[in-house]
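Below sits a lone chain in structure tokens, taken as the form predicted on its own.
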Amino acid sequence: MSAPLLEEFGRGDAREREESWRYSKTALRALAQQDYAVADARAALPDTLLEQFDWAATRGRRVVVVNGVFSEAHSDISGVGASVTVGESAGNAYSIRIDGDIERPMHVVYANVPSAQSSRWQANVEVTVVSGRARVIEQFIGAQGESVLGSLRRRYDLADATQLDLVSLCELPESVAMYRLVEARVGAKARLHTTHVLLGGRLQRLDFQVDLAGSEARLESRGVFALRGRDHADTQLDVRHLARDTACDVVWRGVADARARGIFRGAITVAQGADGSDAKLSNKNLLLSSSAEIDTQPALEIYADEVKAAHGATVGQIDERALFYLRSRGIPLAVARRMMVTAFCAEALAGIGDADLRELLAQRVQAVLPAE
């Protein structure tokens, strides 16, 4: 089971990919011991799943993929206009081409629907932004039942002077495990803004790999994982500055309760010749239980001159002094703790310009936080 995950996905040689798995200590043994059938791409979507993504604000601009296969029955792209083209090739491979500004976001949904036995699916998606500014919302959902393992590889290619705002919500039940590889190439003077929210799941692994390939390319990456029970989320971020005057600003937050485990590794490389680059990375984490665990590792490699770079990471508990201040103002303990954790996570969502979407994501995060 581990071999396909390592060999079919990732960048660099097998040794490098295996090293990232070794550091994270994300155990694949339990998955490897399980027999998986091919997931049913014609599976009916339960009403509980339909309710999760049937947002009035994105009707007419929605692509739905069920167990790795494009679902025409649940998709609706009647409102996207001529600037967006959705294509399908042989196998579970799809392409989205954006040529021109999109005022309202595309909504891409990946639904995990269980079968009578454990099942697995795999898909590849290519998104090309040829011109203008695009907004994409990705949503990963699943129904409780027999185990489902999803493997998804996505590539984003931003042409020069384009912009992509990507918001990704991965909210899974404990019966679903998912591996996601996101590869992005950002051209000269192009802008990539991303916000990732990771909630639930038996196991989530996100490999986010970005090449700032053109001069003055920019990346702004925001993310948060909120875990409880025995949830496991593993995030591997790899940003490479390959051209002059490129910049990245990375802010991620993590929260773990009960016996959950979170991993964050943020690697930034400034290649030779990428003079004038500006790289910033901040990762802060909260442990809400003595049995929870969060491992964080910032990594910075610089091979160029005249570079500005800063990184930092922390793992701690709720500030007792701030908690005491709130309680001294008459706020009950449970309410005060929840307020502080909510505010801590909200920092990662602050950059989302759509207020309704920002509030929806905040509500999703709050729903998994402990009530006491």
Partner chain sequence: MTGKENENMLKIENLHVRVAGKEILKGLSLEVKAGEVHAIMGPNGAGKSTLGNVLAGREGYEVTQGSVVYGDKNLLELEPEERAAEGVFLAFQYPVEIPGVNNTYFLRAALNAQRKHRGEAELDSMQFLKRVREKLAVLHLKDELLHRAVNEGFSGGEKKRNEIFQMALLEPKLAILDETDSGLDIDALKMVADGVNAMRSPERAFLVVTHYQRLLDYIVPDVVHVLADGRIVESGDAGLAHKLEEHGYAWVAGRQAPAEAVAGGV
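If you're wondering where the values come from, they're calculated on a predicted model, not measured in any experiment. Positions refer to the first chain, counted from 1. Rigid core (definition): largest C-alpha set, two forms, superposition within 1.5 Å.
From this point on, the text means the form predicted in complex with the partner chain, which you will not see here.
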Fill in: the partner chain: the contacting residue among Tyr325, Tyr36, Trp55, Tyr303 in the model of the complex [heavy atom, 4.5 Å]
Tyr325
Discussion item. Going by heavy atom distances of 4.5 angstroms or less, which of Leu50, Ala310, Ile318, Ile331 would be at the interface with the partner chain in the model of the complex?
Written reply: Ile331
Discussion item. Whether Ala343 contacts the partner chain in the model of the complex should be assessed with a 4.5 Å heavy atom distance threshold; does it?
Written reply: yes
Worksheet item: Even though the partner chain is not shown here, does Met339 get within 4.5 Å of it in the model of the complex, heavy atoms only?
Response: yes
Worksheet item: If contact means any heavy atom within 4.5 Å, which of 61 to 69, 331 to 339, 310 to 318, 36 to 44 contacts the partner chain in the model of the complex?
Response: 331 to 339
Fill in: Val335: Cα shift of 2 Å or greater between this form and the one not shown (core-aligned)
yes
